[in-house]
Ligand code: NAD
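In the block that follows, a single chain appears as structure tokens, in the form predicted on its own.
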């Protein structure tokens, strides 16, 4: 038996903010980052709240890869305010921070669960429709994924205008993060027909519209499509889970501080080859992953006479996209020194093995295999 649940109410388009008027909000806590405030993007939100007569406070101390200390400070602020709505506005770090802050507030003090609204300003994480959050222990150089239904936003507002200022590099990284979400959800052991449908549509949109948004950041149609694809991929993986691509990317981000979407993009071709069993003759049953990747290849019109060739064509298609987006093809090309790589290699493999995304990967890895996979990603071993 399988299940598929979408609890977040999603509003998409340039008038998305006005849908806040459908909710009875008296006191709101806005959790965001300094750029959202300085850029004036927050005014799109506060103007609507002012029209509604909402009393609100803003906590804008969010930083990338949100550390535990910022979460603790945010909880203190929200405990003092006790709002009936928590509104997260920003990229993945802002939304993840708000999720964690809201979660600990509910568990600590809240008499009633506040309405939780997520407003993404990048098209990548899908965090506005997932019950996942990632926080960082900077002392230990470890990222901790949190998973709980209380982390799931009640409402998501997808306004593509918020993404117009996203620079090409970030557009590329976040777009490849969406692609990785969709592909991992599609081949996950927990995938269903429902999650597959969303994943397939997200993949189709990424290949069609990500290069357009990368080349012209003011293409509002491309921006809206990517915003929707990010949300669809989020719905898919919130139900189907992810795999070792994200397990490794989490560990690399914590140890070597590679942007999350960039790490996913570099790793993706090698993970596909591993899951499909392309490089070695193995007793592992890779037929499920091979079948799913072959289906994606056919969907993208690069299918071939055999499953192996279809998967190779799929990988080549992804590599072509990455090159068009100026994404490095290896961890070494990303600027990580061999000394630094060797220092963290074993720890990254062990951490990835224990990551919550690993159990749903279509091929069960060993720590040794993850080390070999990392070597391929660093030295750009031919696939």
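All of these numbers come straight from a predicted model, not from anything done at the bench. Positions refer to the first chain, counted from 1.
Form predicted in complex with this ligand: not shown, discussed below.
Partner proximity in the predicted complex, defined as non-hydrogen atoms within 4.5 angstroms of this ligand, places exactly one of 185 to 193, 115 to 123, 305 to 313, 71 to 79 at the interface: 115 to 123. Between the options 275, 130, 245, 102, the residue in contact with this ligand in the predicted complex by a heavy atom within 4.5 angstroms is 130. Of the candidates 347, 65, 319, 61, 65 is the one whose heavy atoms come within 4.5 Å of this ligand in the predicted complex; the others do not. This ligand in the predicted complex comes within 4.5 Å of a heavy atom belonging to residue 170. Mapping the unseen interface onto this chain, residue 162 counts among the residues with a heavy atom inside 4.5 Å of this ligand in the predicted complex. Proximity of residue 35 to this ligand in the predicted complex falls within the 4.5 Å heavy atom cutoff. Using a 4.5 angstroms limit between non-hydrogen atoms, residue 91 touches this ligand in the predicted complex.
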